[in-house]
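As a starting point, one isolated chain is supplied in C-alpha cells, in the form predicted on its own.
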C-alpha cells in the first residue's frame, strides 16, 4: 500500500464524564485534604488503607472508618534510579509498601531518599504533606525517612 493511500485523522481520546468517588473513597480523600489518613475496618478486624468499599474476603460492604497515623514502616520497596516525567519526584526515589501505624494492610507511596542505601525494609517513615491540599492522593507529597 502506498503512503498516499493511507487514511489518517488526528484525534484526542477523552472522557466527557466525571465519576463520583462515593462515600468510602470520598471520605478518605476529604480526610487527606484535612491532613488526616483514614482506613476502614474489614470483617476480620484488619484496618485497610486506603479504604475499600467491600471486604476483600467476604465482599461485605464496609463502613467502619478508622483513623491511622501518618507514620509507619516500610514493608517492601524498590528504587527508581531514573524517574520519568509521570513520576512524583524528579530525582531518584523509592516506591514503597508502607504499613501506617494503626493499619494492617500496607499502602503504596513514594519515599524521598538521597540514596537507595538509605532505604530499608523495616525503616520508619513519616508523611510529608503538600503545602496546599485538594483531596487527592498527592496531598501526601512523599514519605520521609525518620
Partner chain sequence: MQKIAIVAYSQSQCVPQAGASNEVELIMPRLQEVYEQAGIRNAQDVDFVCSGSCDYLQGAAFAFVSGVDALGAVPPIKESHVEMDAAWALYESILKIRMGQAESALIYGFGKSSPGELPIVLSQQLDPYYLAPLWVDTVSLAAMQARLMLESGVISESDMAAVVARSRSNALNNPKAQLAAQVSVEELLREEEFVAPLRKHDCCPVSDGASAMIICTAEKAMEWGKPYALISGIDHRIETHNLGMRDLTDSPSTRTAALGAGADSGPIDVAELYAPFSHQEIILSRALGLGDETQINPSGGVLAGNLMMASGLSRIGEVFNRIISGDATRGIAHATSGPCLQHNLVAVIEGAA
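Given the structure is predicted, the values throughout are model-derived calculations rather than measurements. Numbering follows the first chain given and starts at 1.
Although not depicted, the form predicted in complex with the partner chain is the subject of the following passage.
Suppose contact means a heavy atom within 4.5 Å; in the predicted complex, does that hold for all of 125, 130 and 146 with the partner chain?
The answer is no: none of the three residues contacts the partner (heavy atom, 4.5 Å cut-off).
Taking any heavy atom pair closer than or equal to 4.5 Å as contact, tell me whether residue 121 reaches the partner chain in the predicted complex.
Within the cut-off, so yes.
Answer with yes or no whether residue 112 is in contact with the partner chain in the predicted complex, where contact means some heavy atom within 4.5 Å.
Residue-level check for residue 112: no, no contact with the partner chain.
Can you check whether residue 87 is within 4.5 Å of the partner chain in the predicted complex, heavy atom basis?
Close contact exists here: in the predicted complex, residue 87 approaches the partner chain to within 4.5 Å, heavy atoms only.
Can residue 92 be called a contact residue for the partner chain in the predicted complex at 4.5 Å between heavy atoms?
Outside the cut-off, so no.
Note that the partner chain is not shown here; using its position in the predicted complex, name the residues of 32-62 with a heavy atom within 4.5 Å of it, in sequence order.
Heavy-atom contacts within 4.5 Å come from 46, 48, 50, 51, 52, 56.
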